[in-house]
Ligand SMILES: N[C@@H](CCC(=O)N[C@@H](CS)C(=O)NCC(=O)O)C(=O)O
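Starting off, we have a lone chain in the form predicted alone, written out as structure tokens.
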Amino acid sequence: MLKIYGRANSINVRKVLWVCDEIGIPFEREDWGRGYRSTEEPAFLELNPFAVVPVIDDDGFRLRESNTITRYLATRYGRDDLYPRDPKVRAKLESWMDWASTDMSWGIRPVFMGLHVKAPAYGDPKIIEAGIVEWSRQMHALDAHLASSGPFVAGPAFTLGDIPVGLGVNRWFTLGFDKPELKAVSAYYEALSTRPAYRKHGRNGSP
């Protein structure tokens, strides 16, 4: 059985949990990371020397990096609907996965760490405000894209690209700060929320 290492409230672990439930993959999960066993312990470093979650063990095949794991699982279980073979469609959805992990994440991190985790390194209101400004800029770009090319990030159908983006969008709506009105992003949030796996691992009350 697939083994997932990582705490269930980690946004990156949630990507893996979401795709498992979309596909119907049975799994076992073990808590590691903030609030649980340290990923600096030797037992975890054997799994991932970079000391971050998630890691999977698929019958002896170990893999790290959440986006890579979701692509592996979709391919492993033949889910061409989630990860289409057409290279242009695949490249488009992968570009959104990369965007969510870079451009979008750069704004999210100081806001999440400052407002939710209350990490001392992000306690300066100026750091949080700078994060809000950058995050809002990226969300305006997402809103424009969805308005013209949606309802999902790669077009008319839900794909793996929506998993990292959708978790970032949930964090946007769940954290408490002043936000611009983004109608297409709001519609996207509601569309994702029709999926049981998103309600379980995304829109579940946790940012």
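Residues carry their position along the shown sequence, with the first being 1. Source: prediction; values computed, not measured.
This next part talks about the form predicted together with the ligand, which is not shown.
Could you work out which of A157, L175, A141, V52 is the residue within 4.5 angstroms of the ligand in the predicted complex, going by heavy atoms? Result of the distance check: V52.
From the list H145, K179, R34, R62, which entry has a heavy atom within 4.5 Å of the ligand in the predicted complex? Only one listed residue qualifies here, and that residue is R34.
Taking the ligand as it sits in the predicted complex, is I11 in contact with it (heavy atom to heavy atom, 4.5 Å or less)? I11: contacts the ligand in the predicted complex.
When the contact criterion is heavy atoms within 4.5 Å, does R203 count as touching the ligand in the predicted complex? No.
How about N170: is it within 4.5 Å of the ligand in the predicted complex, going by heavy atoms? No, N170 stays farther than 4.5 Å from the ligand in the predicted complex.
Any non-hydrogen atom of T70 within 4.5 angstroms of the ligand in the predicted complex: No, T70 sits far enough from the ligand in the predicted complex that none of its heavy atoms falls within 4.5 Å.
Counting only heavy atoms and a 4.5 Å cutoff, which of 62-70, 23-31, 160-168, 146-154 contacts the ligand in the predicted complex? Going through the listed ranges, the match is 62-70.
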